[in-house]
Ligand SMILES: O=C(O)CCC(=O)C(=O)O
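Only one chain comes next, encoded as structure tokens, the form predicted alone.
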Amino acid sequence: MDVVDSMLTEEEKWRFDLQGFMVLRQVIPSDALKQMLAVLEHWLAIDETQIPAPLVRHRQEPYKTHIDHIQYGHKLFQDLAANEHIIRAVAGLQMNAPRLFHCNFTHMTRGTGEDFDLHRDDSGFKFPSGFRNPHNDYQTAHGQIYCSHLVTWIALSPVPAGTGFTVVPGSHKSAFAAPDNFSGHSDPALAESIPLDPGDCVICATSVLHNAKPWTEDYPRLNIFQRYQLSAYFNETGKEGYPLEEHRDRISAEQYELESLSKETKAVVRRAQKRFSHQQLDDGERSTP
């Protein structure tokens, strides 16, 4: 039988299968990070009518602002979607066939500090008990991992412990629902907040219970949120799924391919495969727990 040649190390597979997430450190070079922040600050400051289509700036009152589809507004964010360190890990979890189908930027100021719900993501269709949701599936076999729906959470500002992306490690394999009274604050021993430096990236199975904690720092929390699904046959309908055909002239042919359904190995994956020989990574290119 055919076995997909994963770019993940054996330790990364073990940790991801155990926890349902992994952290990649410093995936964005400092010069690119500065450029991203300058572009995003401009989009935050200008009048909403000046936001270039198809980008959309909107608020979750009173303290959270989103800018959707940022890769259509600047090549920096196309480069981020195809970042070789991120693609190495995402492709290794999705049979070397990832598809980007969601991307936005979030600016968050100090919140209320109230409880927040931990949740799993799905395609909106609820499968009956006992059935597996193919849009949000997790399997392991023959030394490989298959995770059909992943999110990446990329920090652009420092995220201290207790303030950022929060997960219940291992919950992607739980066959039981969380108790009704369980929240992100009710059992901090289970809900783990992941401290991050600017340029760090969390990659998480969406079947893991997760959310982001209310922000408590004096400076804003800045992060980019991406979703990847198996490219071969999954498509999120009714959610303005990528690619945005009306605006395809605003992205490269490579980005268009990354956002499209395909059974062929995409250029971004082939490039990562050339850089990262089978399970051979420099010390500075490994993920961390």
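Since the model is a prediction, treat every value here as computed from it, not as a measurement. One-based numbering along the sequence shown.
Quick note: we don't show the form predicted together with this ligand, though the next part is all about it.
A single residue from the set Gln144, Thr216, Ser174, Asn211 has any heavy atom within 4.5 angstroms of this ligand in the model of the complex; that residue is Asn211. Think of it this way: in the model of the complex, this ligand has a heavy atom of just one of Asp79, Glu192, Asp121, Asp137 within 4.5 Å, and the residue is Asp121. With a 4.5 Å cutoff on heavy atoms, Phe225 counts as touching this ligand in the model of the complex. Lys64 belongs to the set of residues with a heavy atom inside 4.5 Å of this ligand in the model of the complex.
Among heavy atoms of Trp153, some come within 4.5 Å of this ligand in the model of the complex.
In short, of 30-38, 44-52, 225-233, 254-262 it is 225-233 that has heavy atoms within 4.5 Å of this ligand in the model of the complex. Contacts of stretch 78-107 with this ligand in the model of the complex, defined by any heavy atom lying within 4.5 Å, are made by none of its residues.
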